[in-house]
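One chain follows as structure tokens, the form predicted alone.
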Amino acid sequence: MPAHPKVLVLGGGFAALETAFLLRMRHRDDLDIRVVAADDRFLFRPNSIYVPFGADPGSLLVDLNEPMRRHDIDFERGRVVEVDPDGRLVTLDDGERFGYDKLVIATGADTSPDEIPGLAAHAATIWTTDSMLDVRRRFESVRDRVRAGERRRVLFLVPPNNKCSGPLYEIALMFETWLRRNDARDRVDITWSTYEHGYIQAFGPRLHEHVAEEFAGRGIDGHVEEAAVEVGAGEVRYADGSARGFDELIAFPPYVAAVRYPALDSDERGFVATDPGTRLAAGHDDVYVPGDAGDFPIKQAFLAFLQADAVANHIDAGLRGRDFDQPFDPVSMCIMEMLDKATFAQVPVEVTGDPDRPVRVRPDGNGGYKVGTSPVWRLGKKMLGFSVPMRFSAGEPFHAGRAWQAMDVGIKAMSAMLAD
């Protein structure tokens, strides 16, 4: 690399900001960093699960202009229309072009409800804050109609090709708690239907068991291995010819890449092929793809942080002339909210190469595979919901520095007491 290399980061989500802020933390003066994002506000999407239950969507946004300015990171609002890896050029929708020495593509994923005919027309889907407000309206309608003496059927649906089903599980469990608190539970039939072989399949049998126990205790009728192929008025139809009825349908649509890059090796859904450890795009030594834009099968914020760390570490090692010894190690961590308690999961996973079961819990990861349910874990959820936006608003990486070290100690202590 040249003496003062240019790092161009595409995206404004978890992986993009973590990469940019971590590189700036380590290289104050010897690195030019530019971030290009479609929006100048970061959305803390994990906390959008609270919007159906009254949270203000505006509280989830972090303005990026001030932290970028404060840390001498050039910030450009725009949409990418072309990446030319041979010419080391990126073109935006307004025609502006930027060169780079290192390119970080972290433009994330999007959802594709139209893949399931009728889904967009008949379901409230979860992804944007506007869609979460639609879920809120439907939940409130269910509550009000039940209070008026009606009975309602609410179906939660995970169709094939969804890459991160966890948030919909949270909303279903929160919905059950919310109904009880609103004295409206008895006349609502809640059904869960997923294409997965087990509940939150990617995170293994222990989390499946915890979810199954919660569903049974809350009277939620859960079903797995149901592949939705079409949605009609009041009915979901499945690949095996069966169907399920509903009054309200809440769904988490299939995933696709938010931006497609024809010049890079990608799968049919637009996710870029990468080297597992470095997150380098296949066939390139100067293009990285951390987070949801890449081909790692699980799309999740904490894994995006870990991938971003690996990218920053690889660039840092090259700048300092050191060996790279901190590759991406996929140990997921999540906290599943239920409003009355929460489930913590720490899951070391590995890619299998099997499209039907793309990841599994690592056979040698038993000591690191932890799952536990307790009201105390709601505190951990709130800590994460406060800490990430605070760090990003300060222009600091989340998964580095003393703040993360303190939080990591707290999480490990809690997991030692409250998780198996």
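Only a predicted model underlies this, so the values are computations on that prediction, with no experimental measurement involved. The numbering used is simple: start at 1 and walk along the sequence shown.
Keep in mind that the form predicted together with a small molecule is missing from the display, and what follows is about it.
Visitor: Name the residue from 302, 195, 178, 238 that puts a heavy atom within 4.5 Å of the small molecule in the predicted complex.
Guide: It is 302 that has a heavy atom within 4.5 Å of the partner.
Visitor: Using heavy atoms only and a 4.5 Å cut-off, determine which of 106, 281, 158, 123 is in contact with the small molecule in the predicted complex.
Guide: Spelling it out, the residue with a heavy atom inside the cut-off is 106.
Visitor: May I ask you to check whether residue 38 falls inside a 4.5 Å heavy atom distance of the small molecule in the predicted complex?
Guide: Yes, residue 38 is a contact residue.
Visitor: With a cut-off of 4.5 Å between heavy atoms, is residue 328 one of the residues that contacts the small molecule in the predicted complex?
Guide: No - in the predicted complex, heavy atoms of residue 328 and the small molecule never come within 4.5 Å of each other.
Visitor: Taking any heavy atom pair closer than or equal to 4.5 Å as contact, tell me whether residue 259 reaches the small molecule in the predicted complex.
Guide: Yes, contact at 4.5 Å.
Visitor: In the predicted complex, does residue 222 have a heavy atom within 4.5 Å of the small molecule?
Guide: No, residue 222 is distant from the partner.
Visitor: Just one of 345 to 353, 311 to 319, 150 to 158, 106 to 114 has residues with a heavy atom within 4.5 Å of the small molecule in the predicted complex, so point it out.
Guide: Heavy atoms within 4.5 Å of the small molecule in the predicted complex occur in 106 to 114.
Visitor: Identify whether the small molecule in the predicted complex is within 4.5 Å of every residue in the set 14, 45 and 132, based on non-hydrogen atoms.
Guide: Result yes, every residue of the spot touches the small molecule.
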